[in-house]
Structures are given as C-alpha cells and as structure tokens.
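Form predicted alone, single chain, as structure tokens, below.
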Amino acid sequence: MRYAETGINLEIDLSTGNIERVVSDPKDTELYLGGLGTNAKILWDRVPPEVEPFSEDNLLIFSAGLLCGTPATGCNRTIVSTISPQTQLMAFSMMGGFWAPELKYAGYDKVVLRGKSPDLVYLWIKDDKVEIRDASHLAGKGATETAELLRQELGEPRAQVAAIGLAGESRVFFASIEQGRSSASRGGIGAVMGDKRVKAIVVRGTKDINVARPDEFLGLCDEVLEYIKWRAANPIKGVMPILAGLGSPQEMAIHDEKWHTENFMWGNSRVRRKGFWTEEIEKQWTETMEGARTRLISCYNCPMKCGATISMSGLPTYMMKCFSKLTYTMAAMSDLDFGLRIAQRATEYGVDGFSAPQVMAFALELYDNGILTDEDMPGLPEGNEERFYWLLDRIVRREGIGDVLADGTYWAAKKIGNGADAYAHNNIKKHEQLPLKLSMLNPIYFLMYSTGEKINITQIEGQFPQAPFPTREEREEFVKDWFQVPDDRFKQYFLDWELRGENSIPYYPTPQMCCDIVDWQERMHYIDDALGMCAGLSSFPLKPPYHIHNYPKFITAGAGIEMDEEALTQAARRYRTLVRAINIRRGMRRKDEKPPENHWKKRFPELEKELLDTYYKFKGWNEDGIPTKETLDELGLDYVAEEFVERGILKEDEGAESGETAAE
C-alpha cells in the first residue's frame, strides 16, 4: 500500500486524446519526496534542452505535494512545473486553495499534460472518470468566471477548478493559472497551459488517503496546531507586522503599509517615496481596505486567514492574496482604490501580479522618454489610471504594442530597441522581480537573488531575520526560544550581527555564514515544495510550526518512509540540484546569476565575486555554477553527470566549459 500518496499519475496526451493512469515508482518518492522533486525528475527524463516552451514535447505538470490531503495543517499546495517561455528555464510555481487535496481524493498525485489540443478544451476529473471536453464556449472568459460556469455546467458546486484567463489563451509570457483562492503566477505557466489549448482542469474526488502511522501523525498535527495558537497569542516583537505572526504572509489582515510603500520602488521600479506614509494616507487606505474586504479566508485545512475576498462597487467579488494589493497601486503611482479595482480585472485575465504592473509601468516610462511614441500607442488615454487599464487590455489580447509587451520587459526591450534595454532594469534571468531596491549591498539577499532557481525572492527568503535587531538584548531575547534552527551556530550568527561597525552589512555575515544561512532558507522552501506545505507555516515566517526537526517525523509517520534530518537534507539537496541541472542543461551559467546593476546603490564587486565563489564551492558546484561530477555522484545523480559529460558541459576530470546563456 502507498501512504500519503496515491501512487498514480494521470497522463494525458492532448494531441491524441489518449488518457493513461500510470503507477509511479515508490523509489522516486524516497529519493525526490514528491511535488517539485518528482516533477523535476519527470522533466529531466522527458524534456530535453532542445524542446521549446511552446512545443508539443514540453510537459505541463500539476502535482499535489506528498502530504497534501493528509491531516497535516496547511498542507494544500499544488506545484505546477514546465519550461518557461519567459526565462527558457524550468518554471515551478505553487498555488494554495483546495485543488491539490481534491486531486488526491480523486486518486491521483499528478496530472501530466503533453502535446497540444487542436481545439480549446477543459479536463473533467471525477474519481475514475476522466474526460477531455469541449471548451469553445469558454473562449475569452475570465478565470474566475470560467470556474463558476464549469461548476454550474457539471452540477458540481464543490469541484475545484484551475483555469486560465484571456492572457493564458493569448500566450502572454507572464500569464497565470488561477484557482479560486490562489494562483500559479511566476514563469508564464499559464501561457504554456494556453498553448496546449487547455482552458481549465476541474477536479472532484471522493476517495480516501492513507497514512502509515495514524496516531503518531495526528499527534504531530496536534502539536503544530497548539504552536499556532501559542504564536497567535505571542507575536514576535520588533519585526514588521507581516513577520510578527504566521501566514503566507498576513498581508491582507494588516493596514500598516509604511515599510512597503516607503521601501518598495514606485513606477517602473525607479522612485522610492520616503515620507509617503502619513496619518492621512493611513486613514484613507484603511477605509478603502475595510470597505472592500468582505472577509478574510483560508486555504484547505488551515486556520491562517491569509487571503481576502474583495468587493469593489460595480465589480464582481474576487480573492486577493499577499502583496498584489500594492503592486498595481505603486506601479501607477496611484491609490489603493485603483489598485484593488485593476487587480480584479487582472485576476480575471490571469496575469502575474508582480510582472504585469511592472511591464505596464515600463511601457509608460518608454513613452515618457520618447522611445515609444503616439504611433506605437495610438489612442493612449491622457489619464494615468486609464492608461494602465488600456495597456492591460491590449497586453492580454496581444493587440498593437500589447503584442510586444506581452513577452515581458526583457524580450520587449530587445524588440523595441532604441535604448529600451536601459529601462528593463529589474530582471533576473529575464524575469521581473519585486521592485525592492535599497542602498547598501545585502550579501544574504545577493546570493538568494542571484542563485535562486524559483526566480522569486519571496520563495527563497525566510526563517533567518531580514536585518539585525538594534540591541544585543533584543537579539538575546529573540534566540531564547529559537528552536527551529538546524544548529545553534545560526543563533550566534544572529547574536553577533549589528547595525553598524565591523559586524554589519556588507561584510557581516561573512561569505561562509551567508552560504550557511541561504542554504538553510532555500532547503526549507524546497522541502515545502515537495511536501505541498504552505510557505507561510514553514519556510517564510520567523519561528514557524514546521521546521527541519519535525518534518522528518511527518514524512515517516505520514508516508511510511523512514526519515531523519540528515536524510531529509540530502533528499532536498538532491532534487534542488536536479532543478539546477535542468537549467544548466538549458544553458544557464554564472553570468546569468546577478541582480540588476541598480539593485543596490552601493555595490562591492570583489565581495560579490567572493560570495558567489564561496557559495558555489559550498554547494559542490564548479566556478561556473555547474554541479561537479563528484557532487552529482554523491547525490545519486550519476545519470546527470553522464549526460553532462556527453554534452560537453562537464569533462571527465570535472572541469567545465562556460557555454552560452539559455537560448535567446
């Protein structure tokens, strides 16, 4: 018997209409855990680097994490993986809600899509019944609208729907997959779904999931719930509100936006508005938010109310999560009322809430500087907010200048030319980042931004504080109950970290310490992405209920796989290295791993080189960022080493050739 997982993947060839139920290899679960880990193994095996994102041979994989559907609190993430049209690298994005547990209850761990449908279709999965159905009547419909129409059509009000909007149908490079209370947004995953001509996947399941040791597993779940209650009554002092408690994050529950509005960059990631947050602004924004927010809501089996239903007058109610309440507002230099209104349309269209506002602000900056003209943008409205609506509508339809902008700022700048490259200044590996630009180089964040395969800082940072506390006494108080650390040396790193002096940024933490910290934070995110756990209860917040010490127990009691901290660390390292190997095979190299030139005002080239050198060595990679043959063999990835040698990426003596960046 398989525990926690069903052991069945649903394989659908959209070109032929063939549907297969494939038994997965339990050995792969032991080695790669599930979710992101086994997704990476499938992509490595079946999608060679010559395959383009919009090829029939590219796969789109929807995976429930290993512990999804079990009683583990907050374990509900769907991990969607493919090759990104924007980065040309592996994309993987998580969405919460109810879809992944529903897939498990229907009897499947993954839905693997290959080929392309000749017509627009949707998939209907109800336990053993799996059908490919005509979706021509849904063409051009919004993502939320599509979900509701399909529930009515099928007579299944409790069915869970993952759908694309018009942006996905138009293959916009930053199109998302929307799913009621969450979305898979980064990397253009929705564009691949649209290219495969799949409008939605609807799931309803009524089966059971077995756990290996029920009493032990439920006891662990009780401990997590008790800790969540305790933490709610005892928030962490001295940190910003969204980090004081648990959640993913609790952005929709708070009104104090002083830190974000004064430290994030406005417009096209250019302008920092110190002193913006006044009592008048706080009063106005609070009234707007309280008037719009219908209620706070949770995902499957989770007490944390991280999202909110938003109802703006004259618009349908929609669900909003995290920072997207600010991104459109700040891109347009407008107010929260505008931000909440345009976010409703953007959600229906299905676009990434980080990339879309930046792309539009980028276009308007080009227009203001004469690089784009009235000839490029005929009919552009005079009003600031109206311009954003105008651009959004054209991007999702790929009309006129929207056809160029739909590829994201990196590719759009290359098509536009005439100096437009200088305005596409907030990309890492061709992907728009959060508009967070500061003064002094932060060595920890330098490594996370540079080397993160997720290409999204909020999915890399986490359990180590973002900055030192002002006094030694405050730091000592913080570490007293910091039991989540993998080793007590992390407490010492933090105790010795000061705002000024020898032990301050950028030369403290030292490069070796930074490697240790980044590796720990990254490890926790990768474990979450394999198990299907919400980052808001594990890898993102300070002092979370899930951590490196209790996760092995959950895996042992839940999946029946004997696990300890060392084995779990090794497994996470294995599939994290496999994700990197996929990208290395697609051409990614050291020269791609750098934050934008203006990310920090004060840069330290020699230190940055030392940081990258030290981190590569720490990870077991060579000087060009390629995992060495020794590292690959140690992790049981000898098949990767063999192919790297065959392709000339590695030599038998473990040297490497630089190669070129992913195909442009």
Partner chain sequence: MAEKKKKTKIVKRIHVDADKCNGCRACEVVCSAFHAAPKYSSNNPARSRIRVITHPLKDIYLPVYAGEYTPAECLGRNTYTLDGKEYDECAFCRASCPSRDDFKEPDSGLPLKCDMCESEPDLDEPMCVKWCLVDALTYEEVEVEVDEDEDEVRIEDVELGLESLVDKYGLDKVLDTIARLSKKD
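Treat the numbers as computed from the prediction; the structure is a model and nothing was measured. Residue numbers count along the first chain shown, from 1.
Below, we refer to the form predicted together with the partner chain, which is not included among the displayed structures.
Of the residues given (M289, L380, I132, L218), L218 alone sits with a heavy atom within 4.5 Å of the partner chain in the predicted bound form. Put simply, of D119, D208, E477, E386 only one has a heavy atom within 4.5 Å of the partner chain in the predicted bound form, and it is D208.
Heavy atoms within 4.5 Å of the partner chain in the predicted bound form are found in exactly one of 96 to 104, 429 to 437, 525 to 533, 509 to 517, that being 96 to 104. Heavy atoms of every residue among R158, S298 and M319 are located within 4.5 Å of the partner chain in the predicted bound form. A residue is said to contact a partner when one of its heavy atoms sits within 4.5 Å of a partner heavy atom; T38 fails this definition for the partner chain in the predicted bound form, lying far away. The shortest heavy atom separation between S63 and the partner chain in the predicted bound form exceeds 4.5 Å.
The partner chain in the predicted bound form comes within 4.5 Å of a heavy atom belonging to G69. Contact check for Q344: no non-hydrogen atom falls within 4.5 Å of the partner chain in the predicted bound form.
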